[in-house]
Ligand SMILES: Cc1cc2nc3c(=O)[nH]c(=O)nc-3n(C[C@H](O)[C@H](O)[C@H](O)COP(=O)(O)O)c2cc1C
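Below you'll find only one chain, the form predicted alone, shown as structure tokens.
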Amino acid sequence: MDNFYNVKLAPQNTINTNEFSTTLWGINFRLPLLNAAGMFKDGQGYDVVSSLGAGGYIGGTSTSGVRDGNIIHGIRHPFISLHQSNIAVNYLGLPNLGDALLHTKTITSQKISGCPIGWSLMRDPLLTEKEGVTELINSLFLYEQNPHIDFIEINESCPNVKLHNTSVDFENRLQYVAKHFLQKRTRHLPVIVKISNDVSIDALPNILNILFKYKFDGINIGNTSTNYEDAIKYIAKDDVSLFKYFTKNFGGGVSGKYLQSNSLFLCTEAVKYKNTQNLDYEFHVIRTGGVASYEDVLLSKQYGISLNQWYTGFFSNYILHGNDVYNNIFLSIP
């Protein structure tokens, strides 16, 4: 990853962003595609991806306390890429420098118009539910103070940590966040909630009703998957043994092409359900999982999905196209 930050950048982005730009919550995204949380856990990399042409940027996921991340079988931050399958598996465990430091970070000295900055955070899994949510509120106010940050994403879906206590349910937790942060924001700072691609379609309406009830500004579906039994059907023959070994010995979340159809399906259903409601405020559905091509972005747009985030798809394309990673998608339209 260090080499990525030192890439020799193209002098300028050549995409006609007027054709693709979208405005959400009054914030302009020059392209409906940006990195997913986890790519830049400690707020680095904005100048690189903005120069590459990204439609936005998101840092984190961070926690209130410093986390070293997972170490298992003597390996720190286990991660594999299965190139033939366009799939990756990671068991990183939220390594980050902690909100007390990260909220003060100068993410860039040259913020680019049309490339807004978001931040992803979640309650610290080492704390009890009550302590974790209290610290989450404190962290939200810290990031509100950072003038670089345009929107917030609360991660409710990381599969690579074990929460200390989950006795308080999803609704009570979000109700607390709404009461103690959303209703007390002192500036325009949209807050979206990220859930897993493993969520069942039957559970989706209830989740959305909770977000609508407490006036969250959007939903991101989703995060990596731990449905290994289903995922293995999408693994190339030569990748199967490594996939089985890694998931058996480390676990971890599956990302990449496997999530493509399910993320589209869940997000499409979320949009359909949202459209049946008479909301009196702006709410958007964001898609993460398996996004890797213009066709993916186009399908999202056709089904009313407002924004796309990519991770494995970005690196798969970057390996092939280097600094033209965004140009290749938005300048090679059929």
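All residue numbers are counted from 1 along the displayed sequence. Predicted model only: the values in this text are computed from it and were never measured.
The discussion below concerns the form predicted in complex with the ligand, not included here.
S.K.: In the predicted bound form, which of the stretches 252-260, 207-215, 181-189, 142-150 has residues with heavy atoms within 4.5 Å of the ligand?
M.R.: In short, 252-260.
S.K.: Applying a 4.5 Å heavy atom distance criterion, does F79 contact the ligand in the predicted bound form?
M.R.: Within the cut-off, so yes.
S.K.: Taking the shortest heavy atom distance, is R67 within 4.5 Å of the ligand in the predicted bound form?
M.R.: No - in the predicted bound form, heavy atoms of R67 and the ligand never come within 4.5 Å of each other.
S.K.: Does at least one non-hydrogen atom of S50 fall within 4.5 angstroms of the ligand in the predicted bound form?
M.R.: No, S50 stays farther than 4.5 Å from the ligand in the predicted bound form.
S.K.: For L31, is any heavy atom within 4.5 Å of the ligand in the predicted bound form, or not?
M.R.: L31: no, not in contact with the ligand in the predicted bound form.
S.K.: Find the only residue in V177, L94, I219, I117 having a heavy atom within 4.5 Å of the ligand in the predicted bound form.
M.R.: It is L94 that has a heavy atom within 4.5 Å of the partner.
S.K.: Within 216-242, which residues come within 4.5 Å of the ligand in the predicted bound form, counting heavy atoms only?
M.R.: The stretch 216-242, when checked against the ligand in the predicted bound form, contributes G222, N223, T224 at the 4.5 Å heavy-atom cut-off.
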